[in-house]
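This document opens with one chain alone, in structure tokens, the form predicted alone.
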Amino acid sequence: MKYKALSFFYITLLFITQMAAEDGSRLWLRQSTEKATQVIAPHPSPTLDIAVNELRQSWKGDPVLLTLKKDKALKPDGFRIYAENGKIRVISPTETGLLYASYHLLRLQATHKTTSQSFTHNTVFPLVSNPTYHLRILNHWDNLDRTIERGYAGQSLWNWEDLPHILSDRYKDYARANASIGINGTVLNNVNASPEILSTDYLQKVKALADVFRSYGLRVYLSVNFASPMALDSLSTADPLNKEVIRWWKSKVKEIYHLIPDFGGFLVKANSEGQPGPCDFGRTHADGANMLADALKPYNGIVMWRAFVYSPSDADRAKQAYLEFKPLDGQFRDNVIVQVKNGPVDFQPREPYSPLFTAMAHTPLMVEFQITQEYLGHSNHLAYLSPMWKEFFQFVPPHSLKAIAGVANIGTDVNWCGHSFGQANWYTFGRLAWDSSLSSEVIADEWLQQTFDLGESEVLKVRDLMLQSREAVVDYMMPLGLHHLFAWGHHYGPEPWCDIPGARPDWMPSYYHKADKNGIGFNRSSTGSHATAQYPEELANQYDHPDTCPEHYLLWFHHLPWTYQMKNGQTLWEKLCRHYDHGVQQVKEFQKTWDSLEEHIDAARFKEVQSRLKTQMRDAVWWKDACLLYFQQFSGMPIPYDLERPIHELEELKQIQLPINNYECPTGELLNTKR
């Protein structure tokens, strides 16, 4: 009997342990449900019921009174929290604002900014919080076959085959996660849009998702193919000034709003990378955007028109969006927002900001960040992106933008983002979209304290690792302003030697690095493509001269000799070598830091991150060896002898060929794959 009782005890303990095991699926929403508290709402509603349930399950403080009330200091989604007579008073003009406030209270609790006692004397309150942007939108590059362009965390969440009749539990979990960080919009499908998304059958599926998301304040948007009238109803044209085309779009918009009264609007990629657009019919981007805007206007819908355009031409690719859109400034309807990538080329590990942001004073603009790590090691590399986005805001004041968008890194993987630390970038995007003044340090602390069970000293260790991680990626991939050295097709590993016969020059790494015996870098100064002239005068003058150009942009704007003397007295070649080596050494330190935390991290997530750091280490050495051995052919100079030697041969590295597939993440076992 004792043996049976003991066996039962261990079986029960094992079951409890397995049930409590971490798999990352709870994201940063790991609040305990040990203690209920009194929560009073003004009335029952789907949104307020969520707020009440969240607080009743997890809030450990004083009773909470939720109140709908207009307040001159509050935007529609904003909220005020203060202590009064032993209660926490929460005020917002909208139910969604009260929901956001509820999640904020739980965030304060989880990050130890509140106590379990009365909050009357707590320095956290009174608190007023308003979003920086009214529109805080995720862009999913999800296809209808459930593949995800630049997705590295499994398939698309949206199971179109089962919709609208079968609703995954993850749809609600997704909406909840977004509400908890203030994201209020989601574009469901790829900007390379299939016209089929606007078919009646698919709109019924979209409606089913919108119905799930609505209570969480999450509004649905769709990417649309500009030639949809031709594809779906065999119109002979998609000319935006054609009356039949205009009538088609008005009818389609009416159909959408009949199904989804709070539908947000359209995202459009037009006349870019083979996508159809108004220019195919001799019209401008403004003509196309305005036609759609007019159809959406009666329903308060918007058009987000992407400025990511470049044509096969002799013009510097970094200049082309400016050249195409600057002349259209002031010509767009007031419900059109031009969506511009943060940099002028394409989500590189480091870019100067796109000059369009300071060139279109009469056009509402929104920034497009990329949360998914297309150019930063996919979901294999740890790269905390807040410092990158904060760097952008140093040049583009947040208040100058109308909205903010982020290309999502979310898929069907159990932990949502492939890499456990990929969750931090989703979280960070939402927090910066709500409050752009938050520092990278504060956001990292918040995420860590809510995601792991760490003490203060451990949080500091991992926070420092996170804060250094993006710069480490820049160092071992493309320091000093180098960019787009990626292998053909998948943007994962290095291939500075890449030369595909018949391919566009601006798809080749050599177009960007221009390495030769005389030096390296793209001359965008007044003696080259003169891209510097697209910036405000003060910056243009600074970027135009190597001696005043910031070193981290140096080879973005200048082609310089290998012997060019850097500010620290080293030659350009030596400084380049030391950056590559420094990136590798940092990843080694990341490994040491993470390994030292084994007893503080649950086993599953510890091993997952440890394994991915090993891959990142191999990749960092791969990048360093490939780039330095290749560029050394031109420089003719030795790698400084105090640095670690390359462990590969250049010809060996040239044989590596990964699958050209936008939808899968390489495994890191790179050197076993040959041409």
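Start at 1 and count along the sequence shown; that's the residue number. Computed from a predicted model, the values in this text were never measured in an experiment.
In what follows, reference is made to the form predicted together with a small molecule, a form of this protein that is not presented.
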Although the small molecule is absent from this view, report whether residue 192 comes within 4.5 Å of it in the predicted bound form, heavy atoms only. yes
Classify residue 273 as contacting or not contacting the small molecule in the predicted bound form by the rule of any non-hydrogen atom within 4.5 angstroms, answering yes or no. yes
Residue contact check: residue 581 to the small molecule in the predicted bound form, 4.5 Å heavy atom: no
In the predicted bound form, is there a heavy atom of the small molecule that lies within 4.5 Å of any heavy atom of residue 306, even though the partner is absent here? yes
Taking the small molecule in the predicted bound form as the reference, which of 351, 374, 495, 544 has a non-hydrogen atom within 4.5 Å? 374
Name the single residue among 470, 575, 341, 513 that comes within 4.5 Å of the small molecule in the predicted bound form, judging by heavy atoms. 341
Just to confirm the contact call: exactly one of 125 to 133, 96 to 104, 343 to 351, 459 to 467 touches the small molecule in the predicted bound form at a 4.5 Å heavy atom cutoff, so which is it? 343 to 351
